[in-house]
Structures are given as C-alpha cells and as structure tokens.
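Listed next as structure tokens is one chain, alone, in the form predicted on its own.
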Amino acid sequence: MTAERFDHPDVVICPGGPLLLRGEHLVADADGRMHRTTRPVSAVCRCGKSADQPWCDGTHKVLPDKQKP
C-alpha cells in the first residue's frame, strides 16, 4: 500500500479554535440541518458559542481558556 501525497489536508483542527474544512463538505448543525461549504476554506465552530452556527464567528477568541475547545 502506498501513501498518497496531499498538498494540504481537507480537515485541520485549530488548537483552541475552529475546525477548518478545505473544499466541498456537508456540515450538520445541532438541529440536523445540512449546510454545504461554499468557500475554499470554511471554519466550523467547535466551542459552541458562535452566533453563526455551525460556522465560526471568532467568539472562541474571547472565551476563558477553560471554555475553549
């Protein structure tokens, strides 16, 4: 089995921040509704505090360390 070489991963976990998705993906929100990514890189909220769920709005930056993902 040979390993494939990727220029960049499709999913990147940002420490204390969002999940970055590169390319086309479907993301389910808390209500089970599906959202298609529309940008080359989309940021998905991991802290649960974004006002634009399921997308990250940067709220994690002002949270105390204990509440960051």
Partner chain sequence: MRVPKARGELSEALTAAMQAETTGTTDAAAAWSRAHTAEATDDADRHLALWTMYELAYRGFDDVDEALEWHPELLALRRSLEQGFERELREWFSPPELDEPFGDALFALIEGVDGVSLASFVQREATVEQTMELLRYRTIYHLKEADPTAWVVPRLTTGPKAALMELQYDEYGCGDPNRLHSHLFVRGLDAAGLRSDYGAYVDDVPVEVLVQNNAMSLFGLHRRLRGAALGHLAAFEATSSMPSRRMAQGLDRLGLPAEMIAYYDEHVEADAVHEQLAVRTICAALVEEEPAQAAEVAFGALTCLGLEDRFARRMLAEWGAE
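Source: prediction; values computed, not measured. Positions refer to the first chain, counted from 1.
Beyond the structure shown, there is the form predicted in complex with its partner chain, which is absent from this document and is the topic of what follows.
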Mark residue 32 yes when one of its heavy atoms lies within 4.5 Å of a heavy atom of its partner chain in the predicted bound form, and no otherwise.
no
With heavy atoms only and a cut-off of 4.5 Å, decide whether residue 20 touches its partner chain in the predicted bound form.
yes
Taking the shortest heavy atom distance, is residue 26 within 4.5 Å of its partner chain in the predicted bound form?
no
Just to confirm, residue 58 within 4.5 Å of its partner chain in the predicted bound form by heavy atoms?
yes
What are the residues of 33-69, in order along the chain, with a heavy atom within 4.5 Å of its partner chain in the predicted bound form?
38, 39, 40, 41, 42, 43, 51, 52, 55, 56, 57, 58, 59, 60, 61, 62
